[in-house]
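Just the one chain here, laid out as C-alpha cells, in the form predicted alone.
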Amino acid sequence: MRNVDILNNAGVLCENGKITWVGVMEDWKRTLPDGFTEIDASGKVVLPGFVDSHTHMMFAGNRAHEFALRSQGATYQQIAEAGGGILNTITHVRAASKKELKKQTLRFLNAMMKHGTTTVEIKSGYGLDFDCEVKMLEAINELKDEEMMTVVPTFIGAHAYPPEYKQKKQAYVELIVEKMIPYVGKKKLAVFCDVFCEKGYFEIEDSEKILNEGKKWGMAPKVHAEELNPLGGAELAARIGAASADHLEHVTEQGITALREAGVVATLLPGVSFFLNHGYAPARKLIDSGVAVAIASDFNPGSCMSYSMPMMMTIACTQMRMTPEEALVASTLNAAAALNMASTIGSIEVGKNADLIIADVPDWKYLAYHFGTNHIVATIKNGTILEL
C-alpha cells in the first residue's frame, strides 16, 4: 500500500473512455488526431478518481438536532434508543417520493464529483419495509443509468429492525429472506447484499442466513462488522467470501487473521469515528498484518455528514497512523477492490476506465495535508471532462 508510482512531466491519453497510454512526455511519439482535447495540467497533479465504496447517501430529512444532542453528551446509542438514529431517517424516507429522493441524492452526487469521487456505492436501508426498500433501490438504479457517476447499488434491508417489528424480529428476518431478497435479486436491483451484523441488531446466525440468501440471488456479500462490539462479523465476512468487511473498530486478532487469509478487503470509515468521537479501527495493525485496507466516507445523515474523500485521507493519516501513500491507495485501488472493480478503475493504467482528477497542488500529499478545502479543479469521467 506504500507503492505509489509517481511520473513527473507525464501524460495520459484517453480514447473511447479508456486509458490507452501513460508515460513521460519525452517518450510521446504520436500526434493527437483531430477532435481530441488537450488539457494542460502543468504544475498540477493527475490522480485516479476516488472510489467511495461505502455510503448511505440516499436519505430524506437530516439529523442536525442529534448532532447538537451529542455535543451535549448524549451518545449515538442513547439517541437511537430514544427513537432517533436510523429510525428517525426511516420516517422521512418512507414519507418521501422516489423523485424527492433522487433529487437530493443527485445534488450530493454532483458535489462529490467536484471533490474528486468518480465511483460511489449507495445503500438502501432507510426504508425497512418491502415497498420503501424497493423505492430506494429503484431510485439508486435510475441515478446509475442517468448520471455520469458510476453508482453501485447495495441492498441492506438488514440495517435495523423497523418499529413495527421491534417485538417480532424473526418475522422481519423472514420478510428479508423470503420476500425482499428474491424480488431484489430477480429485478437485479443490487450488486451487493449487506447486513448490520451487531449485538442487538442482526447477530451472526441471522446475518449469515441473510447474506447466503443474497448470494443465491446473485448479490455479493458485504458486512457491517465489529463497529460497536467484537461479535465475529469479520470471521463471518471471511467465511462467506465477502467483498469487504466494513467498520472494524473492534476487530479481534482472530478477525484480522480471517480477513487476511480469505482476502477480504477491510473498509475503514475514519469519518464516523471522527464525527461520533469514538475509537478508530486499528488501521496500522490491519495493514501490518497483510490485510488490504480501503477507506470510505460512509456519508449518511447520522454518523458522517461528509462526502469528502480527501478529508477521509486526512483523518486516516492523523488519527489512524496511515501514511499518505496508504491513504491514497485505500481511497482508490483498494476501494475499487472492495467493490470487485479493481480491474477497471482505481489506478491510472492502460486499459482501465479514464476516471481521472486534476488537483491544483504542488504535490499529491497536499490533498491530505491541506485539509478543509477542495483542491480538485477538473474531474474526468470515462474520458469526458465534466462541467460541474
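These figures come from a predicted structure and were not determined experimentally. So that there is no doubt, residue numbering starts at 1 and follows the sequence shown.
Beyond what is shown, the protein has a form predicted in complex with a small molecule; the following relates to that form.
Trainee: Even though the small molecule is not shown here, does it sit in the predicted bound form so that 86, 159 and 298 each have a heavy atom within 4.5 Å?
Mentor: Yes.
Trainee: Using a 4.5 Å heavy atom cut-off, which stretch among 256-264, 112-120, 302-310, 162-170 contacts the small molecule in the predicted bound form?
Mentor: It is the stretch 302-310.
Trainee: Answer yes if any heavy atom of residue 227 is within 4.5 Å of a heavy atom of the small molecule in the predicted bound form; otherwise answer no.
Mentor: Within the cut-off, so yes.
Trainee: Is there a non-hydrogen atom of residue 76 within 4.5 angstroms of a non-hydrogen atom of the small molecule in the predicted bound form?
Mentor: Answer yes; at least one heavy atom of residue 76 falls within 4.5 Å of the small molecule in the predicted bound form.
Trainee: Can any non-hydrogen atom of residue 196 be found within 4.5 angstroms of the small molecule in the predicted bound form?
Mentor: Yes, contact at 4.5 Å.
Trainee: Taking heavy atoms and a 4.5 Å cut-off, does residue 155 contact the small molecule in the predicted bound form?
Mentor: Contact with the small molecule, no.
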